[in-house]
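Given next, in structure tokens, is a single chain: the form predicted on its own.
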């Protein structure tokens, strides 16, 4: 039966051991629906084991996991239809064409036969592979192979997508394209959990951070400035403005976090329309605005602060 919880992922007391090693030590956390969670931590922290348990590929010794409203331990096949998973060390059928790789993945995830061709075409377009559908996987570049693997994880339109080091081995252009894709998927309502050692890359699209250390969760929170409906805006002015803080505080939907004579940082409620309205109001007020930029918490600094504060 579906688990009546609004979160996309709910884990409680998850315990997993390899011989002589406790990989997951009573892990409990939630992942909000529609978020992009950066799963970070040092090598050996338990990130890959956690992802495999969430995806129904490993069975923990204790605890419970619900993903997309389904009990992973009780209904692993049902979870496989709702989840996309990309392993760190993924493999492709080198003898198959891209089209056949996609068709095989669609069938394996329960896509109806009549819908497979359409799913293949849509996925190829999304992944920038429409011109390579007849090329064998063995003939693809590293970046193209990575896109095929991600396409295979997406082809059945999962509600939750889990990726372990998805940008490993990609060049900067391919990494940027991947970040754009993840942002697009989030806008479509897909929940993503992305494990990576490249924190600057995760910073481009993550809304939440889940930090692991020694098989435990040491922090799980929204990233400042990434929560829907709340933004931090940095302003700079070409010259000093008299009573700047008072003028800014009078603007609707704004909280002044810091104000100097020629610069300020505001907290703004609302999305792009609210930002546009604020910019209009600043210009109409005759303020000599020279910079208007959104600020986000730096994931790398936040992670180092979290790890530094965590007990050894």
Partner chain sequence: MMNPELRRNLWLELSLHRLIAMPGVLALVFGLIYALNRDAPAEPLASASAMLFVAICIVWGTLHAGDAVIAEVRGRTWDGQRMSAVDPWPMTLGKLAGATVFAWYGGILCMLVFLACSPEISAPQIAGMLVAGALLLQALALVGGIAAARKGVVRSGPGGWAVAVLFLVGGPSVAALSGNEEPVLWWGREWARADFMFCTLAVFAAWAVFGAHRLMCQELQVRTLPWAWIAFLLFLAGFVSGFAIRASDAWSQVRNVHFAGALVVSLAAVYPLLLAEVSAPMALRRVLFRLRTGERRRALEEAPLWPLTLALAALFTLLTMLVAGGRRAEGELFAAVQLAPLPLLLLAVRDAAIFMWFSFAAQPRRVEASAVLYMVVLYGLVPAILRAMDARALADLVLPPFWDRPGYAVAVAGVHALLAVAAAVWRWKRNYAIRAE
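The structure displayed is predicted, hence computed values, not measured ones. Positions refer to the first chain, counted from 1.
The discussion below concerns the form predicted in complex with its partner chain, not included here.
- Using a 4.5 angstroms limit between non-hydrogen atoms, residue 62 touches its partner chain in the predicted complex.
- Remark: residue 111 counts among the residues lining its partner chain in the predicted complex, judged by a heavy atom distance of 4.5 Å or less.
- At the 4.5 Å threshold, heavy atoms of residue 58 reach its partner chain in the predicted complex.
- At a distance threshold of 4.5 angstroms between non-hydrogen atoms, residue 234 is out of contact with its partner chain in the predicted complex.
- The partner is absent here, but in the predicted complex a heavy atom of 103, alone among 177, 218, 103, 199, sits within 4.5 Å of its partner chain.
- In summary, among the residues 140, 181, 116, 157, the only one with a non-hydrogen atom within 4.5 Å of its partner chain in the predicted complex is 116.
- If you check its partner chain in the predicted complex, you find no heavy atom from any of 131, 172 and 192 within 4.5 Å.
- The partner is not drawn, yet in the predicted complex one stretch among 206 to 214, 92 to 100, 184 to 192, 163 to 171 has residues with heavy atoms inside 4.5 Å of its partner chain: 92 to 100.
- With contact defined as any non-hydrogen atom lying within 4.5 angstroms of its partner chain in the predicted complex, the stretch 205 to 220 contains no contacting residue.
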